[in-house]
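Presented below, as structure tokens, is a lone chain in the form predicted alone.
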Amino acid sequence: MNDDLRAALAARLLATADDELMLAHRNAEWTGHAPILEEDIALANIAQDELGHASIWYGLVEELTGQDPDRLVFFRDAGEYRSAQMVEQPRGDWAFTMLRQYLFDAYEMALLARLAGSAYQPVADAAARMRNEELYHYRHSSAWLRRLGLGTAESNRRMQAALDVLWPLAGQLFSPQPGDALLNVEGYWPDLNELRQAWSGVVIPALEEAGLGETASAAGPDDRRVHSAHLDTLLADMQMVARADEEAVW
């Protein structure tokens, strides 16, 4: 693998890991606060899965670049992260969390299905391992999409309000990065336009079936280097202990 290809793949893996990490953190904020005990346990497990998947992707970045995963997580500033703004947003209410989870789960199902056939075997192996867990996540959030969308006037209103916020931000999941064309040619990463079409083909009918109306038309950010102010707050909380003593050994 030449240096350009290595750098491009590492950048894609880093963005994927960052997405998983931020979503895991936000979901973990529900621990002890979910609407029912069963969901408290379920979402905690999902957050743990997302964190585990982030660890796998960071591990592959380390294999390509030598960068230590702990340093990547705890000692990068907000501008160095490549997470999408959608996963950085505060947890909001239960409707917001479940709709965000659904949009992201549908994205992951489409992405992992394609990465399982990646020409870079470590990525293919990782995607194949994650798909069963992500299928559970997808089924869980899909059930809540229907339950809240078709439940009561209030639950539908909350879901629609969440959609109006999240839909413009979801497009950043498919933002191009330098080196994408090279990754596509080598078969290491899927074409993002095709990936977005596959995602939309699943998500839009599901939203309609859940009784949700037209999504907001405003375009969201199209660059993963552009973050919300929420990321600074999240990182201050997540990195506080590690940064208190950078030389500490755990």
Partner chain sequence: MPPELTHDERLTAFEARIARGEKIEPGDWMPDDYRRQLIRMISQHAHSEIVGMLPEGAWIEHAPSLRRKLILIAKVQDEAGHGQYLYHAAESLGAERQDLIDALLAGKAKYSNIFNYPTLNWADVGMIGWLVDGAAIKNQTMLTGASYGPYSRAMVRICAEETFHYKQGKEMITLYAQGTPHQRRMAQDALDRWWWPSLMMFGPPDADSTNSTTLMRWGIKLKSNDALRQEFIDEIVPELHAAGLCIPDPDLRYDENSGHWLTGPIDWDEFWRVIKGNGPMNRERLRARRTAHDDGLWVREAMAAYASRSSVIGKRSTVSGQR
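Positions refer to the first chain, counted from 1. Being a predicted model, the structure only gives us computed values, none of them experimental.
Below, we refer to the form predicted together with the partner chain, which is not included among the displayed structures.
Using a 4.5 angstroms threshold between heavy atoms, residue 155 counts as touching the partner chain in the predicted bound form. Residue 241 belongs to the set of residues with a heavy atom inside 4.5 Å of the partner chain in the predicted bound form. In the predicted bound form, at least one heavy atom of residue 237 sits within 4.5 Å of a heavy atom of the partner chain. In the predicted bound form, residue 168 stays away from the partner chain, with no heavy atom inside 4.5 Å. You can rule out all but one of 221 to 229, 192 to 200, 178 to 186, 37 to 45: in the predicted bound form, only 37 to 45 has residues with a heavy atom within 4.5 Å of the partner chain.
The three marked residues, 131, 135 and 138, fail to reach the partner chain in the predicted bound form, with no heavy atom of any inside 4.5 Å. Checking 162, 148, 86, 103 against the partner chain in the predicted bound form, a heavy atom within 4.5 Å turns up for just one residue: 148. Of the residues in 60 to 76, those that come within 4.5 Å of the partner chain in the predicted bound form through at least one heavy atom are, in sequence order, 69, 70, 73, 74.
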